[in-house]
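In C-alpha cells, the next block holds one chain alone, the form predicted on its own.
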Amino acid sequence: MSSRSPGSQFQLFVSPSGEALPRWLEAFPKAVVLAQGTFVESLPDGALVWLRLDASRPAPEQLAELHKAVGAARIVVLASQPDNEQALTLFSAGIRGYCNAHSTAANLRQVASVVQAGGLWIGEALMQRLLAATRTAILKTPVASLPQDVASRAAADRLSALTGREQEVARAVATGSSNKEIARQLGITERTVKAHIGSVFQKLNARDRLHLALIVNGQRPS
C-alpha cells in the first residue's frame, strides 16, 4: 500500500460539462477535470477516477462508457441525489465508491483514502443496510465454517489490541450503527467517534466498515 496521502495521488474528475465544483479542487488542487466523452490517455498507477453522473442519462450507461475509457482504474461515482438502489447497481458494475457530488473537501479526501487503500466507500444509509444484512448472514452461516467458539476467540484476540472504548465503537459499527447513533449510545461527540474509528481501522488493518464487521464477528475477510 502506498504511504502517500490521497491528495498526492492522481485524481481525475469526469463531469457532464467538464466543470469542477469548488470543493473538488479544494480537496485535490492538482486534480484534472474532463467532460464526459473526452478521450482519456493512459492513467498513472493508483489513479482514482471520479464520475459525476448526468441526471438525464442512465447511470449504468455512463459508467460503461467510462470503464471503456479508463480500463481498470478505480472509479468513485458522485451523485447529486444519491439513491441506494442506484448505488447497489453501480457497485455490482465495479465501482469502488459512491457519495454525494456536493460532499465537503474533507469527506472527499476521506473517500479517496479508503478507496485507494483497497476499501469501498458506501453512503451511510446503504452502509447500515449492508452491515445489518452481513451480520445476519454471518450469524446464520459463519464464513469458512468456523465453529462459533473458534470464531468468538478469533474476534476476541484481534479486538484485544483495542482500548475498551475502541472495542465498544468497533462493535457498534459492526451492528450497522451510524457515527451519530454511536455518539448518542456512548455519550461522546461524533468527532470523537470518528477519531476512534480511525484508530480501530489502523490497529486492525480494516479497509472499511464492512471489513471491520467481518473482523468483529470473527470471520476471515479476504
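Think of the rigid core as the biggest set of C-alphas that the two forms share within 1.5 Å after superposition. Throughout, we count residues from 1 along the sequence that is shown. No experiment lies behind these values; they were computed from the predicted model shown.
Separately, the form predicted together with the DNA exists; it is not shown, and the next lines address it.
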Testing 28-36, 191-199, 59-67, 45-53 against the DNA in the model of the complex with a 4.5 Å heavy atom criterion leaves exactly one stretch, namely 191-199
Can you check whether residue 165 is within 4.5 Å of the DNA in the model of the complex, heavy atom basis? yes
Hey, in the model of the complex, is residue 184 touching the DNA, heavy atoms inside 4.5 Å?
no
Exceeds or equals 2 Å, Cα of residue 14 between the shown form and the other one, core fit:
no
For residue 182, is the CA shift between the shown form and the other one at least 2 Å following rigid-core superposition?
yes
If we fit on the core, is the Cα of residue 49 displaced 2 Å or more between the shown form and the other one? no
